[in-house]
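Form predicted alone, single chain, as structure tokens, below.
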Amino acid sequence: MPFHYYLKVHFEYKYKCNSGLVSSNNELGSGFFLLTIDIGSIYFEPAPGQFINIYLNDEYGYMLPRPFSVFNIVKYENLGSAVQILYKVIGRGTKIISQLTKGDRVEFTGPLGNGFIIEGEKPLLIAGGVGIASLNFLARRFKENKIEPKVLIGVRDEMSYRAFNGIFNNLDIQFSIERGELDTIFKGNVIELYSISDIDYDVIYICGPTNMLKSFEEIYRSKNIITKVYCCLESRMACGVGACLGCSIPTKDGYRSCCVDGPVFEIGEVIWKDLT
């Protein structure tokens, strides 16, 4: 059986394929978009850190879906709900998704993967780039539980800062900026901002590029921090169901699939020196 037919059968057997209609697909700036998909009365309750796989139409020649962390779930009074996805246009697949317009139908499976364990009374959330997608959803969950998380977000430049700054409401956020200078914003990357901060916390949640996570892990290890840390890894998740083994992560228990066993891991589970 050809591999793409195997994947199709596997998805249809194990996961329900959902669909919804695009209500908005707003360009935020610096290549970032916020996609809102109305899903009506479909039961869809992902945990923060989980993701969905969005399918592209057959006409584009893609046999594999594209994974995206859930940015938020919007509840409409008496009108169902919508799932929001924050993404950046990087390749042809995300370029196609950026061209979706209001009323277009989107097929997806999910929620997929293992999400964050919500615990602690003083959580600190650290995000870089599109890593803010899963941590935004996590922050909202904490606030629903009457807990105010502290959030550190790293952006590359002023355009990225302006793109992100307008989509957060009622969150206690500190930004860092790597290129350029803005008044009241820390100049440097988000790990440098973390290293000088005096925030009191009892659990850390972090998501971002691999090099960012490695930099954090070095600080974590050198300072012998005992606080529990949950990391949401970014990886090339092709199939999303552990079939292709393309997102294998080195852990103390051997290689594990980021898409099935993760994307959230405790920091001590991952063998960081072997992670590429």
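The first residue of the sequence shown is number 1, and the count goes up from there. Small disclaimer: the values here were computed from a predicted structure and weren't measured.
What follows is about the form predicted in complex with a small molecule, which we do not show.
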### Query
Is the small molecule close enough to 117, 128 and 230 in the predicted bound form that each of the three has a heavy atom within 4.5 Å of it?
no
#### Entry: Position in contact with the small molecule when the complex is considered in the predicted bound form, options 164, 142, 194, 87, heavy atoms within 4.5 Å
87
#### Entry: Answer option from 179, 75, 92, 105, heavy atom within 4.5 Å of the small molecule in the predicted bound form
92
### Query
Want to guess which of 153-161, 92-100, 196-204, 183-191 is within 4.5 Å of the small molecule in the predicted bound form, heavy atoms only?
92-100
### Touches the small molecule in the predicted bound form: residue 221 (any heavy atom, 4.5 Å)
no
### Task
Flag residue 213 as yes or no: does it have a non-hydrogen atom within 4.5 angstroms of any non-hydrogen atom of the small molecule in the predicted bound form?
no
### Query
Heavy atoms within 4.5 Å of the small molecule in the predicted bound form: does residue 28 have any?
no
### Message
Contact with the small molecule in the predicted bound form for residue 44, defined as at least one heavy atom pair within 4.5 Å: yes or no?
### Response
no
